[in-house]
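As structure tokens, one chain now follows by itself in the form predicted on its own.
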Amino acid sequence: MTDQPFLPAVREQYESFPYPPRDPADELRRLVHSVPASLLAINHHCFNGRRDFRSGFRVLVAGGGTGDAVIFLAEQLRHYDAEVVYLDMSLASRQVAEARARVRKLTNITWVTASIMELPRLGFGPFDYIECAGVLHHLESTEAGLAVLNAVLRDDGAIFLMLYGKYGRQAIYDMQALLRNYLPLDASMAEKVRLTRELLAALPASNSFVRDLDASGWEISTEGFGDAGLYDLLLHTQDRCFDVPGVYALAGSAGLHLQGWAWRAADYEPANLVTDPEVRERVAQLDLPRRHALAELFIGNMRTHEFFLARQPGRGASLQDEGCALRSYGALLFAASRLAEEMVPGPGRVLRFEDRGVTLDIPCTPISKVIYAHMDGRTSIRDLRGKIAQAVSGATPEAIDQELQSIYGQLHPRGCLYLIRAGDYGTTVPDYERLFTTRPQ
């Protein structure tokens, strides 16, 4: 390893092309949000749904870039005794993030320009939660980077990581290899971008990246992330990918346990990907890491792995905790109660829901109608059982258990349902409807 805390070419890239490109003026019309920066998802995956974020919560956004995660976290924590620390080695990226925070009048962010590898000398720990998306795979040593993050984590804290996937990015790595052989070694960054765009326009349709262009086109288009996106995707000088066994090995190198997948969780279970009963039975006999590894190979298009880590296993919320409440999120954030109203229970009746890439066939039963009506973050599972018993004649505890498990199994892996201890965070959970629809004051 080098003596520098960062790779000079990587820093130069993000000074020239802050990523992702953002216009601070856009904060007046929208709030960029994500699962790893959602307090609801963080609470579910990392704190058994029991964390009260209102007092003393400290979060580090390691590699904060132009500010998506730090802005979303700071907005959710705006009125509480909490601190959000932004860390990035790119001053240009930090300036964009700070400008966005000024538009929103956020004052609960501490701004630091430094590399992740400089954390030991900064004295900023310990943190309850560390968000690190798309960063460690650009370090000289991903393992060393995770060790540094783990060193500033509270013993009962948690880390989110996003790392590149091995198989889903194969066409990208094919193109990176082509460009390393094609581009002049002494070309400037701007010249590399120009020559790359020229080449992409000339390649035959049989080229693997061209065939897969639908998956990457927006990232490199002028309507999307433009030149910053193209450089980050195809011209990055340090780009390491991981398969599922590599993810487990990385976590183990720091003494951490995988708590759950934050994105496409349903696709990490082989039984969700095949219909042949013999295949499903065979893979069901395997342990969890092997099932996850097989699922990645089955589906073949995992471009990233997004997951939560903690020192102790079993930090996720559970339906067995009857003090928890259901809370719809993602595509169902504002839709669950509406769907409950639309349900007309009857044998074999199914309600089709489609939104933001999520398609659900929802069985319309009297019990599911009550459950969907109370995905509010306030009604505990214990109280929900009582409401079902009152509303549905003959509903046995076993029938209620079965429907709860079925609904949770369908919605949670798709990012549509989380569990939170009823009433622990404010009156319920962050008022996402206000956050997503109200302009900054």
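Everything numeric here is computed off the predicted structure, so don't read it as measured data. Don't overthink the numbering: it's just position in the shown sequence, from 1.
Form predicted together with a small molecule: not shown, discussed below.
I116: touches the small molecule in the model of the complex, heavy atom cutoff 4.5 angstroms: I116 belongs to the contact set for the small molecule.
The small molecule contact at D88 in the model of the complex, heavy atom, 4.5 Å: Yes, D88 lies within 4.5 Å of the small molecule in the model of the complex.
P24: touches the small molecule in the model of the complex, heavy atom cutoff 4.5 angstroms: Flag for P24 set to no.
4.5 angstroms heavy atom contact with the small molecule in the model of the complex for S93: Output for S93 is yes: heavy atoms within 4.5 Å of the small molecule.
Triple contact flag A265, A317 and G415 to the small molecule in the model of the complex, non-hydrogen atom at 4.5 angstroms: Per the other structure, none of A265, A317 and G415 touch the small molecule.
Stretch in contact, per heavy atom within 4.5 angstroms of the small molecule in the model of the complex, of 350-358, 107-115, 247-255, 304-312: Stretch 107-115 is the one.
Among the candidates E75, D128, E83, D232, the residue which, in the model of the complex, approaches the small molecule to within 4.5 Å (heavy atoms): The residue from E75, D128, E83, D232 that makes the contact is D232.
Proximity to the small molecule in the model of the complex, single hit among G226, P120, G134, P363 (heavy atom within 4.5 Å): By the 4.5 Å criterion, the partner-contacting residue is G134.
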